[in-house]
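Quick setup: one chain, the form predicted on its own, written in structure tokens, and binding and motion questions come after.
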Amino acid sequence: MKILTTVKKVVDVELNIKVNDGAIVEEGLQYVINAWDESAVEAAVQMKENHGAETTLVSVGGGDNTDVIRRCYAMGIENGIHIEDPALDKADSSIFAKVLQKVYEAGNYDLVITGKQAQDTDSGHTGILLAEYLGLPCVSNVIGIEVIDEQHISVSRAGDSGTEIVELSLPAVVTVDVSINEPRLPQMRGIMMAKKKKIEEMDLAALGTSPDEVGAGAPKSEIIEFMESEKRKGGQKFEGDAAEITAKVVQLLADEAKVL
């Protein structure tokens, strides 16, 4: 079984992100593997260990995406593809899906495992669009994968009314939730070996496509500006007799909060 996994490099949302004139301030930012994608990588590595699957990772973005790929190597991924092209600087989910479609078609994969969403945009579109472009069955929000045989898998997904079990014929696409597993921490030996492994570097031409073919000149969505969330206002502290405090609170709830 050949598995293709996708990874996106994102801003570490645990840090204090600043916005100025509708744009994120780049100074001091740190980037990490998207949490949902890291769980997808762990799922692929577990299938390699338990079922002998061949694993390939693809990441689209700038030159420092190679650091992300090498971390995934250290986790156990065997092959890495890095796609970097200036035409993809403003790519949206649809464009990324078109690029991944070309990667899939060149590799003859049996299963694509992607993260359910990215922690920077939270759109959750890319994996599902990829399945649509490929004409493959897709299950989203997956929390468990079981291999039945070389042509079939069974997946558990978090549905609206509980856990749903779906059997899939391969090839197929699944998008996984972070609850599917706990990604491993790479060991030092794996980190050192990952530094020596080859990464296949490609642009759109090397992939056998063009900016026009993947729609890079006409993205279907665009981020217009970023805005800081409203800061929470300080609360009020009341002291005194319980009856007086209760009367004040009720009055404020009625006059200011408008909840009574």
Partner chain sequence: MSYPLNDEQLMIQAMVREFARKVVATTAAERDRTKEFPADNLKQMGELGLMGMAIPPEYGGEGADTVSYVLALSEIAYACASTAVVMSVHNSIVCESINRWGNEEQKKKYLRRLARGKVIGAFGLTEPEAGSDPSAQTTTAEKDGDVYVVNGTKRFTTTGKNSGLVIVTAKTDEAKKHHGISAFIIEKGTEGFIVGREEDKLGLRASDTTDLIFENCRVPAENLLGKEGDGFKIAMTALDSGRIGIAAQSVGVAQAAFDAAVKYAKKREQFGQKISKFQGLRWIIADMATEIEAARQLMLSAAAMKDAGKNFTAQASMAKLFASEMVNRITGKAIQMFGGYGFTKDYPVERFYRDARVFTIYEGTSEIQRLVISNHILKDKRKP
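No experiment lies behind these values; they were computed from the predicted model shown. Numbering follows the first chain given and starts at 1.
There is also a form predicted in complex with its partner chain; it is not shown, and the following applies to it.
Enquirer: Taking its partner chain as it sits in the predicted complex, is residue 111 near enough to touch it, meaning that at least one heavy atom pair lies within 4.5 angstroms?
Expert: Taking the distances in the predicted complex, the answer for residue 111 is no, it never comes within 4.5 Å of its partner chain.
Enquirer: Does residue 220 reach its partner chain in the predicted complex if we count a contact as any heavy atom within 4.5 Å?
Expert: Answer no; every heavy atom of residue 220 is more than 4.5 Å from its partner chain in the predicted complex.
Enquirer: Evaluate residue 123 for contact with its partner chain in the predicted complex, applying a 4.5 angstroms cut-off between non-hydrogen atoms, and reply yes or no.
Expert: Although its partner chain is absent here, residue 123 would stay clear of it in the predicted complex, with no heavy atoms inside 4.5 Å.
Enquirer: With a 4.5 Å heavy atom cut-off, would you call residue 169 a contact of its partner chain in the predicted complex?
Expert: Close contact is absent here: in the predicted complex, residue 169 is far from its partner chain, nothing within 4.5 Å, heavy atoms only.
Enquirer: Among 182-190, 149-157, 115-123, 86-94, which stretch has residues whose heavy atoms lie within 4.5 Å of its partner chain in the predicted complex?
Expert: Stretch with heavy atoms near the partner: 182-190.
Enquirer: Would you mind picking the one in 103, 74, 139, 178 that has a heavy atom within 4.5 Å of its partner chain in the predicted complex?
Expert: Comparing distances to its partner chain in the predicted complex, the residue within 4.5 Å is 74.
Enquirer: Tell me, which of 66, 210, 46, 56 has a heavy atom within 4.5 angstroms of its partner chain in the predicted complex?
Expert: That would be 66.
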